[in-house]
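Here we start with a single chain on its own, the form predicted on its own, put down as structure tokens.
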Amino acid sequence: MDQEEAARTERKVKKAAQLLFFRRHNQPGVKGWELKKAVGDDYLEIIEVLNSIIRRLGLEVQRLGDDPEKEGKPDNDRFVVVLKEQLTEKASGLRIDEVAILSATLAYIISKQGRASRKSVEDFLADKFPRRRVNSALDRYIRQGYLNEDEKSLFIGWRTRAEVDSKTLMELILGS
């Protein structure tokens, strides 16, 4: 019976890894309800087992809620595989000015307690970058999930919470 349980857990871990590593939607990762449907009600325990395996590779599964202030139900949260530690030699594939626009935007939004009007962000960035480049960059970052936008303001997106260490970003900006 114990061997059967281990084999079942191994099958569930493999299924969860397949769901998390292979992109099927517009956004990476999977929602909790998808994991629950594919793996079973014990999907949070399966994620912990998977985490213990992939940590050796420098990866981890991170649980991201839609709203960072509210702790949501795990079924509604997104589970994403991310790097456990930042790699300095990793190339992002972005131009240096695009990285600068994203960094400045994130720093500005963080300094405004997490929300800022799009116009104020555009005005802030237009002092240093061409306005056409600012507008296209902001639209791209919204599409990519680094930023979110509602009718009133811009705020930090799910991808920023997964990939960017906000504390280190602010320390680097303040230290320069």
Partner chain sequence: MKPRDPDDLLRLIQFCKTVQSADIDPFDLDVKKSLSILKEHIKRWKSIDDLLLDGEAISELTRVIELQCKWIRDRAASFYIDPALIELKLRLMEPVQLASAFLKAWHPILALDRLTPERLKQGIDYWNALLPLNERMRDLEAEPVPEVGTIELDDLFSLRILTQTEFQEQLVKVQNELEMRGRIEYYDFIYDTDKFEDSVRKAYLTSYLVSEGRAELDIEPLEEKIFITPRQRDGAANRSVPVAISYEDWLEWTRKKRQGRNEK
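Everything numeric here is computed off the predicted structure, so don't read it as measured data. Numbering follows the first chain given and starts at 1.
A second form of this protein, the form predicted together with the partner chain, is not displayed here; the remarks below concern that form.
Colleague: Spell out, yes or no, whether the shortest heavy atom distance between residue 103 and the partner chain in the model of the complex is within 4.5 Å.
Modeller: Residue 103 belongs to the contact set for the partner chain.
Colleague: I'd like to know if residue 155 sits close to the partner chain in the model of the complex, meaning any non-hydrogen atom pair within 4.5 angstroms.
Modeller: No - in the model of the complex, heavy atoms of residue 155 and the partner chain never come within 4.5 Å of each other.
Colleague: Residue 145: heavy atom within 4.5 Å of the partner chain in the model of the complex?
Modeller: Flag for residue 145 set to no.
Colleague: Give a yes/no on whether residue 166 approaches the partner chain to within 4.5 Å in the model of the complex, heavy atoms considered.
Modeller: Answer yes; at least one heavy atom of residue 166 falls within 4.5 Å of the partner chain in the model of the complex.
Colleague: Pull the contact list for 118-146: residues with a heavy atom within 4.5 Å of the partner chain in the model of the complex, in sequence order.
Modeller: Those in contact are 124, 127, 128, 129, 146.
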